[in-house]
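Taking the form predicted on its own, here's one chain by itself in structure tokens.
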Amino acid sequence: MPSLSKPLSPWRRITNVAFIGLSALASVLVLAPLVAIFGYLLYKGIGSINLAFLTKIPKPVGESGGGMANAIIGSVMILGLGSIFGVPLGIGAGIYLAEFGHGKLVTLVRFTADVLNGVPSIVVGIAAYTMVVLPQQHFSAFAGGVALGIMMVPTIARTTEEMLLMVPNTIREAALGLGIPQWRATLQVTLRTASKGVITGCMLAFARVAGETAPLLFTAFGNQFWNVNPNQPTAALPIQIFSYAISPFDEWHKQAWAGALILIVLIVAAVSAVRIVTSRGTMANNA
């Protein structure tokens, strides 16, 4: 039986190859800055990373050695607090916008989230300073977590909303048809169906705030010593990197590069770990 499809014309073949090539080039251009930044950080910072850098606190000015162990622990603590504040609020706001909200209030919440997503981080830091630091009369990791949590909320809320809106209505109707209350159907059926997209939004928000310095200068403030008390000033990698980078000492410049490399590695490791765990959970559910 003769084929009914006609062979592609030379012009269509050329156009197809050209667009495939442009798509591949665009992908390379997107990855090139990331590879260049990571490669340069690796070149400048790997020489200063050793056991002392990962386990010791900073040395006084003029003394060589020391490390950023306190800043690494402080960053983990502040980011953890920020996630505790920002993730539930962001997901809750996204659920409201997609599932329960109606009328002008939804438009107002959505507009507020979009505006907050574009507010400079230093403004968020000043707001957290006014709301938390001034009433407490001291800097703290708690205040830093509040600032980072505020910055995480709009990204998570809008991503959660879009992911939930992509879930087919037939899934909601099937759950409601079984007599499941709407709130339970939303949490156990709709949200679970969109969980991969929601988690991706949380990771994007986490990666965005992980390297912020300005909000932490107004809230956590920094600390040259060990501290695991969230109610006290706390060191963080972005603050330590900033302080070392503007100093006149070559030794501190080297450690600033090393700290920047560690920060990037921590972000990549955290995002990768969450994606691996969620992918395993998805495969287990499918099995």
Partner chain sequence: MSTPTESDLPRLLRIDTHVATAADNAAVERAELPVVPRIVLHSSPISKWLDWVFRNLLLLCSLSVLGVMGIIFYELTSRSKLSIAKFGLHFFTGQTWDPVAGDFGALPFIYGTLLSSVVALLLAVPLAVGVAIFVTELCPRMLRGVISFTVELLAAIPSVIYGLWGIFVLVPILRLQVQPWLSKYGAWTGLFTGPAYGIGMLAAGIILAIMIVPIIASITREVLVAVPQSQREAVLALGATRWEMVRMAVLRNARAGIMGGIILGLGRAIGETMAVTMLIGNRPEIAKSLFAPGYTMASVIANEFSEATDDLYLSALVEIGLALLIVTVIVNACARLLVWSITRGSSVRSHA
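Positions refer to the first chain, counted from 1. Only the largest set of C-alpha atoms that superpose within 1.5 Å between the two forms is called the rigid core. No experiment lies behind these values; they were computed from the predicted model shown.
Same protein, other form: the form predicted together with its partner chain, not shown, and the subject of what follows.
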{"property": "Contact label in the predicted complex: residue 42 to its partner chain, heavy atom within 4.5 Å", "result": "no"}
{"property": "Residue contact check: residue 109 to its partner chain in the predicted complex, 4.5 Å heavy atom", "result": "yes"}
{"property": "Its partner chain contact in the predicted complex: residue 140, any heavy atom under 4.5 Å", "result": "no"}
{"property": "Residue 182, heavy atom within 4.5 angstroms of its partner chain in the predicted complex", "result": "yes"}
{"property": "Selected contact from 174, 76, 84, 116, since only one has a non-hydrogen atom within 4.5 angstroms of its partner chain in the predicted complex", "result": "116"}
{"property": "Heavy atom contact within 4.5 Å of its partner chain in the predicted complex, the stretch among 255-263, 222-230, 48-56, 63-71", "result": "255-263"}
{"property": "Within 24-41, the residues that have a heavy atom no more than 4.5 Å from its partner chain in the predicted complex", "result": "24, 26, 27, 29, 30, 31, 33, 34, 36, 37, 38, 40, 41"}
{"property": "Is_shifted residue 35 between this form and the one not shown (CA, 2 Å cut-off, rigid core)", "result": "yes"}
{"property": "Cα-Cα trend for residue 29 and residue 158, given that in the predicted complex the distance shifts by 3 Å or more", "result": "farther"}
{"property": "Sense of the change in Cα distance from residue 162 to residue 270 in the predicted complex - at least 3 Å versus the shown form", "result": "closer"}
